[in-house]
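Take a look at this one chain, the form predicted on its own, written out in structure tokens.
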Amino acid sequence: MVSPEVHHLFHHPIADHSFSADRQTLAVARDNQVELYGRSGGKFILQDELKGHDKTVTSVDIALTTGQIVTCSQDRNAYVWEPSPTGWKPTLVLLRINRAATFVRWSPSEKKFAVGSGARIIAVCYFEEENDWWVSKHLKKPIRSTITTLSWHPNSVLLAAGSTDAHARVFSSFIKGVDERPESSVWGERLPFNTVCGEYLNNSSGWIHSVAFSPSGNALAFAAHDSSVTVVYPSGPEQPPLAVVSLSTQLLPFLSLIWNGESEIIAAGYDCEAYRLRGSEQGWQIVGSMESKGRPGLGEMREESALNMFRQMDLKGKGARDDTVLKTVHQNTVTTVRVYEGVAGGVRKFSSSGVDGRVVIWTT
């Protein structure tokens, strides 16, 4: 197993992170700003800070083609940052929400992005050429609570959203004049804006922490606060799903998940490590952790004799074993998992960030 590449940026939680297309720039959300790190040899060096928000930045995403950065914050605003000769130039987005913005992601086409919020609204934002500004249309019904996570379908029209009302939903975000009419799929054929193409309830009514479409877009996975991962296989518009497979685990809840092909999911969360899940319509199971616990460098946890333990307590005032260091690479909750290298159909590397201030690059 290839050792992960660990970058301990600072002793502070990372709310979200994103890499540029060439993987030379790393954006991390820290407090009320976004820090941009540039790769220098084997490590990342702080190069710039995006300051514009006056409350905690909740999410950041770098567009792979244009290089534009979108950020959103608890101050109810979103900015699109464009590179210019004098630095990064921010453009305020008209979100029209009255609660915190919680999550943002560019669509695959990069013509628009979606912002989740605590106002029970998803703002789908696009650029209006004639007025030279970013405007938004709202997805409202039937959302009953805060949006915690979003995921775009490969066709850039369908949008999956998870919320604290225990539902994962699939919406159409089709905007005339911006989107090309999508081909018919298992989610539907004619898809006007705000069409609900699917609505799925978590068995225990737990918050939905993460949603993700499979690479083909023909399956949807979501992780909830009851430590479960549910995979939905729709059969067609207005039809009951082909299968809804719910995998309950004995682990702590997952906060983020990505697909690796159509039959594998990588998920991480409160257990401070990433797990590999495999399955199909017939069923899903956890294959194992992405890391081997007895890695060199962390030192083997030797069983100390009672005599030696008391001797250490007498000499140093503490036990021989340091219980504050976890055996995992991340030393606290993993908040975000993202594809680093490869496409969703075959992820070669993925990155994770967490409450411990680390960004880790893993090889699958």
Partner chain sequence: MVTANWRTINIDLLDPESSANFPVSSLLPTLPQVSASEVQTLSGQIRQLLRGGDTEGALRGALENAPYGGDVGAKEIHLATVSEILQSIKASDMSPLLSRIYNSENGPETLDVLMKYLYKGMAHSSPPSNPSSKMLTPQTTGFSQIHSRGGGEGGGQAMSVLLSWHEKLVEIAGAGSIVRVMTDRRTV
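Keep in mind the model is a prediction, meaning the values are calculated, not measured. Numbering follows the first chain given and starts at 1.
Unshown form predicted in complex with the partner chain; subsequent notes refer to it.
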Just to confirm, with a 4.5 Å cut-off on non-hydrogen atoms, which of 289, 109, 91, 204 contacts the partner chain in the model of the complex? 204
Please identify the residue among 82, 165, 75, 262 with any heavy atom within 4.5 Å of the partner chain in the model of the complex. 165
In the model of the complex, does residue 182 come within 4.5 Å of the partner chain, counting heavy atoms only? no
Check residue 227 for me: does it contact the partner chain in the model of the complex (non-hydrogen atoms, 4.5 angstroms)? yes
Given that the partner chain is not shown alongside this chain, does residue 176 nevertheless sit within 4.5 Å of it in the model of the complex, heavy atom to heavy atom? no
Please determine whether residue 248 contacts the partner chain in the model of the complex, using a 4.5 Å cut-off between heavy atoms. yes
Go through 125-133, 219-227, 272-280, 150-158 and give me the stretch that gets within 4.5 Å of the partner chain in the model of the complex, heavy atoms only. 219-227
With the partner left out here, if you bring back the partner chain in the model of the complex, are 120, 144 and 252 all within 4.5 Å of it by some heavy atom? yes
